[in-house]
Ligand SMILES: C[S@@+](CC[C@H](N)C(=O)[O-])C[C@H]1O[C@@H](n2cnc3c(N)ncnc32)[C@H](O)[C@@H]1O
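There is one chain below, alone, in structure tokens, taken in the form predicted on its own.
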Amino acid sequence: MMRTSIYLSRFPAFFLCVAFPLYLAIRGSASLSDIALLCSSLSERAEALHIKLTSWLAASPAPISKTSLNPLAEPATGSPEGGIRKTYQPLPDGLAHCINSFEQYSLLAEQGLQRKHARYSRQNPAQKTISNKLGYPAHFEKTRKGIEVNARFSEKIALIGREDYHTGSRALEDREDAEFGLVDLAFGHLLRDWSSQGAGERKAVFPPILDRLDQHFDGNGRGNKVLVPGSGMGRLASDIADLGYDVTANELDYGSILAYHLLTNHTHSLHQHTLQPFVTKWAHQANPSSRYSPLTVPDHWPNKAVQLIEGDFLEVFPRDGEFDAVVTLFFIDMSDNVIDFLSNIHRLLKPGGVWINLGPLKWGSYSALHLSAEEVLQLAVLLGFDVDHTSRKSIDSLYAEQPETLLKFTYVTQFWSATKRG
């Protein structure tokens, strides 16, 4: 703001030294009274612009960058104006972006709906008449109501995030940086982990993991420490803790972390929260009513004994041999390099500890190695695991399926267990 004020204050000097001589050269025959009038008018406009800009800059909160700032209780210091100025600390990577995206969900969803309406409106009159007979315009109002339901839920998540991480009310990043897909993905993960509609998907992939833990520990989970990295919304970690294990969950994605905080620490009854996660998805429908299917969360109480460690799996566990078991579900293919992930799993296990894995090996484009299941197991042996080949199986799994959709993705997930050589 100070720099802007300096530039504006230099405008009269610029005018007198540069613009004014040029004006005289161009309009040599102009009367001095015309020139005086012009000078007065320009001076008044410059002053008005100066006042408007400086007052606007003083009133507008500057957005915080993606390495955002967190107002923690540092001693306040006096500002030049005699006021109080807080000091700030960086927020964890990705947190500001997630909070902003949850806060802007309503705006982003409404923009998508307006694009749909614009395409509908571009039809010729005959096409519109037929569309109206189908009742098509009613979808816009129904969708808008669903967006309002989702926005209330999304804003709760954002508010809890601000409270838990002490961000204050400042803008955390530009509104334009908000990401609709982040919120949409979070809704899908909530469906899979914490709604009755997700029970079928959980029943496909949770029992093999829980059964293998039971076999390894002879049905006695008490006192055995289990790590679930990439825990997402936390349902698997919670279900393992329900069996008596000492469970540590680890997650890097703040879209999942913030929603998990809401369910764990700010929920007072089962099925308390309602959302309509498919309200913006109009394709692949057998029945249009399925777009507006509501779901409620949670369908089961999160186990508060689970310890959630936020951050990068490769960085946040300094102690070797800390866990009796490591369980990875849809996780190892998220690595930049799978060698790093498997090496870290091996390091964190006690001798004789068990690694249980289930996932589709859906390597990202950023992954250094795109290994087959056979190659992953060969790598495990090289790193010091004994693979239990009798445990291997393929398990079909849907993922965050929309009810009655005409498009289904089925992963043929690979399941195995391996123990760390002593």
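These figures come from a predicted structure and were not determined experimentally. One-based numbering along the sequence shown.
Just so you know, the form predicted together with the named molecule exists too; it's not on screen, but the next bit is about it.
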Ok, 189, 291, 212, 273: which has a heavy atom sitting within 4.5 Å of the named molecule in the model of the complex? 189
With the named molecule left out of view, choose which of 217, 330, 136, 180 has a non-hydrogen atom within 4.5 angstroms of it in the model of the complex. 330
Partner proximity in the model of the complex: residue 176 to the named molecule, non-hydrogen atom cutoff 4.5 Å: no
Using 4.5 Å between non-hydrogen atoms, is residue 313 touching the named molecule in the model of the complex? yes
4.5 angstroms heavy atom contact with the named molecule in the model of the complex for residue 298: no
Would you classify residue 238 as touching the named molecule in the model of the complex, given a 4.5 Å non-hydrogen atom cut-off? no
Given 137-145, 280-288, 228-236, 318-326, the stretch touching the named molecule in the model of the complex at heavy atoms within 4.5 Å is 228-236
